[in-house]
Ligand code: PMP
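Starting off, we have a lone chain in the form predicted alone, written out as structure tokens.
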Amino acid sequence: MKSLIEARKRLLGRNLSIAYDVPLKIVRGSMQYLYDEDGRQYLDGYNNVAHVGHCHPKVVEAGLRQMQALNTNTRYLHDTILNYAERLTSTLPDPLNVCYFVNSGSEANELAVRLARAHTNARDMIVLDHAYHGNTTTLIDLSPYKHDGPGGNGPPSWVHKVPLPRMADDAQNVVEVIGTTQKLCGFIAESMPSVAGQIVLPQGYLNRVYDAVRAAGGVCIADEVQTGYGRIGTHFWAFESYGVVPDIVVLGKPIGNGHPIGAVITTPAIAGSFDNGMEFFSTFGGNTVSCAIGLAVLEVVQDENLQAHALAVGTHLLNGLRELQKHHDLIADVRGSGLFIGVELTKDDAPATEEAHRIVNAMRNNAILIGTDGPSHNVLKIRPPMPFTMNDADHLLTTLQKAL
């Protein structure tokens, strides 16, 4: 292990982080479990990228079968990309029915900003505090989680940050910012902010914000990279839980179950503005293998009723966590929906960052993987693969009780 860590430091960028005080060498995955080099099984309560489970057989088979036949770009006609786009847009409300496929959530958010700029001929964007939208230069500018943190230089003049809302009335913050912009391009937000601490926005907030943004000529972008595909249980897309319809939806991570794929879905009107004579092309975006895998993931989500499963198991887990809260002053809040859950820890009215770190490592030592998030990294992050069961939830609760 020591030699691996030394080689990593020598061969890879030093700011690539490693999870846990005692790093893990993971060599195999199966559904909601990961296995280290010694064969020890870990319950994965953390990796939402493997949405339908690590190495789901149907997804693996779809990728293998297509890779053996053809892997090429979108300049050739092919059924799979169209079948995938049709199946994907059928899950969304009208008029969200035009797809662009790329390679990651970061690329998808970058493209979403380009679409918004083409449609509005404007540049100014409004973002939520502590938001993270990707790792490109533009998205670091749009991500307070990065540009306000270590190594960051703050936002550029065209990015306007508003506080995370605590109530619907906080939409007034957005209205006030709109009045300071020359011309508004749009508003981008995770439907349920994740790195900010697994936040559920107040009911009525997005309705008022979307109305104000559109009245000012801007477009509304929903970042569903962390929360789409039934994860929140009550709805297939998190924005649906607020009763709003965005102008652009961004997808990434889970839609490929670990395979690099992202997507942007928008309206015919916005797509028409983007069709301005400049070709859009991504060498690997929408390739035949990626689309075969993406279609298989979507089919598994729907055929295995994973949204309903997430609601049932997530509700059970949330109830268990709230029962723990009654007995542990360290737990200030339990929040989330389905299998998107945050447990906020505080001590003496301050973020319990050190305690959160110790608990996550204690869980790791007991073969359960969770993480931390939030501006102070004091929120336990629980976002397991969707096959996570009732028994898994009970095992997590029992182990967390001991760690607390």
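Residues carry their position along the shown sequence, with the first being 1. In this text, all values refer to a predicted model and were calculated from it rather than measured experimentally.
Beyond the structure shown, there is the form predicted together with the named molecule, which is absent from this document and is the topic of what follows.
Across the options 300-308, 131-139, 327-335, 203-211, residues that bring heavy atoms within 4.5 Å of the named molecule in the predicted complex belong to 131-139. In the predicted complex, E190 approaches the named molecule with a heavy atom inside 4.5 Å.
Although the partner is absent here, G285 lies well away from the named molecule in the predicted complex, with no heavy atom inside 4.5 Å.
At the 4.5 Å threshold, heavy atoms of T120 stay clear of the named molecule in the predicted complex, well away from it. Contact between V225 and the named molecule in the predicted complex is found at the 4.5 Å heavy atom cutoff. Checking G218, G314, P144, G105 for any heavy atom within 4.5 Å of the named molecule in the predicted complex turns up a single hit: G105. Residues are counted as partner-facing when one of their heavy atoms sits within 4.5 Å of the named molecule in the predicted complex; in 338-376 not one qualifies.
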